[in-house]
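Shown here is one chain on its own, the form predicted on its own, set out as structure tokens.
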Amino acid sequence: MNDIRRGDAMLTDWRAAARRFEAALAGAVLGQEAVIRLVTIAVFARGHVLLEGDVGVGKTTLLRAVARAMGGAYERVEGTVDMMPTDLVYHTYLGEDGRPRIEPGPVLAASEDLAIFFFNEINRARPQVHALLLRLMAERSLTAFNREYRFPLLQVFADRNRVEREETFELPAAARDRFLMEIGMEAPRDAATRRALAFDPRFHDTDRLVAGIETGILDPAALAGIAAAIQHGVRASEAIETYVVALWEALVRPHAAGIRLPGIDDMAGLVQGGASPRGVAALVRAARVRAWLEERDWLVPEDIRAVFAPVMAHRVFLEPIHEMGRAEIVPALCRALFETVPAP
């Protein structure tokens, strides 16, 4: 699949498959079309995804639906405060003969065929677990039992709720940077959708709902080749390149770009760091997939803006005095960027 070229009929077929994938998810999780589109972009950009939202808005249901619709080997773990890194790699038990046994844990159970690893309530796991997960996400590899395992098909999907803070651990900056996107998920506002979620029994049985999703719509073994073809096939003009670089500069140095935010007196000291070259490369990767889904082989400013906040917001690190207000400050900063930096 790695030699697929722009304009091949295969890319058109995969776009149709992407739409079937989105339709399958939309049938299980109502009123989340924007979130589903971002998840689809992440799948074809080969990036990891972190969903964040209130309790009960459908984060786990969506990620279970993603796993079923994609197909491929799938493993899931639940984050707990007593979880240790070894729990991801192996588990021990006593056999019928009373002797200890060691079996592969969730990461190694499917060996190198593992395509989707779903980490539920990731912020309940301890920093030691995050450290192991970081290598898995960054290098798609793991050393265990005196050998190195590689996971070329792997995508990590995780969720966390934003309400509970007791017995939780904030993800370190390095781990957050490895997620292509952090996607906020809110309860639907549309009255008809709310009525269906409340009164339609189909949405009250999550297991049955997910089981009804068409499986294997996307072939994980072929995704890497398709993703590469998309990246090589969607071009960026010099004007778009200039626009992205200008957004990057303004995000890191908003004061120099003339950006002012209400309630922030020291704009020069607002941003401590972040928005690395890796983050901007991820932005372009995601924007190219968005253009491809929109049936274009060139980037426009709307592609950049559509994925900017999910890709870049969690990569901006504010001065500690402002961190408590980042939920309001960073979205406001992103909006100010688009109002300040002229689009081509």
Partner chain sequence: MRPLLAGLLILLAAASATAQPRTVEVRVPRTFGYFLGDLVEAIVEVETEPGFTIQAASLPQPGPVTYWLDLRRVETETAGTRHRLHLTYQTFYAAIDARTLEVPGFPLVLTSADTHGATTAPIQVPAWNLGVSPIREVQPARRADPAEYLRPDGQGPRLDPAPPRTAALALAALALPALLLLARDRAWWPFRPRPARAFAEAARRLRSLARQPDSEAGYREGLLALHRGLDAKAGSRLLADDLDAFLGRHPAYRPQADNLARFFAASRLAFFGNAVAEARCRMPLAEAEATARQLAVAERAA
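Only a predicted model underlies this, so the values are computations on that prediction, with no experimental measurement involved. Residue numbers count along the first chain shown, from 1.
Same protein, other form: the form predicted in complex with the partner chain, not shown, and the subject of what follows.
- Among residues of the shown chain, residue 197 is not one whose heavy atoms approach the partner chain to within 4.5 Å in the predicted complex.
- In the predicted complex, the partner chain sits within 4.5 Å of a heavy atom belonging to residue 302.
- Although the partner is absent from this view, residue 134 stays clear of the partner chain in the predicted complex, with no non-hydrogen atom inside 4.5 angstroms.
- Residue 290 belongs to the set of residues with a heavy atom inside 4.5 Å of the partner chain in the predicted complex.
- In summary, among the residues 235, 126, 76, 202, the only one with a non-hydrogen atom within 4.5 Å of the partner chain in the predicted complex is 235.
- In short, of 52-60, 292-300, 22-30, 312-320 it is 292-300 that has heavy atoms within 4.5 Å of the partner chain in the predicted complex.
- Heavy atoms closer than or equal to 4.5 Å to the partner chain in the predicted complex belong, across 322-344, to the residues 338, 339, 340, 341, 342, 343, 344, ordered by sequence position.
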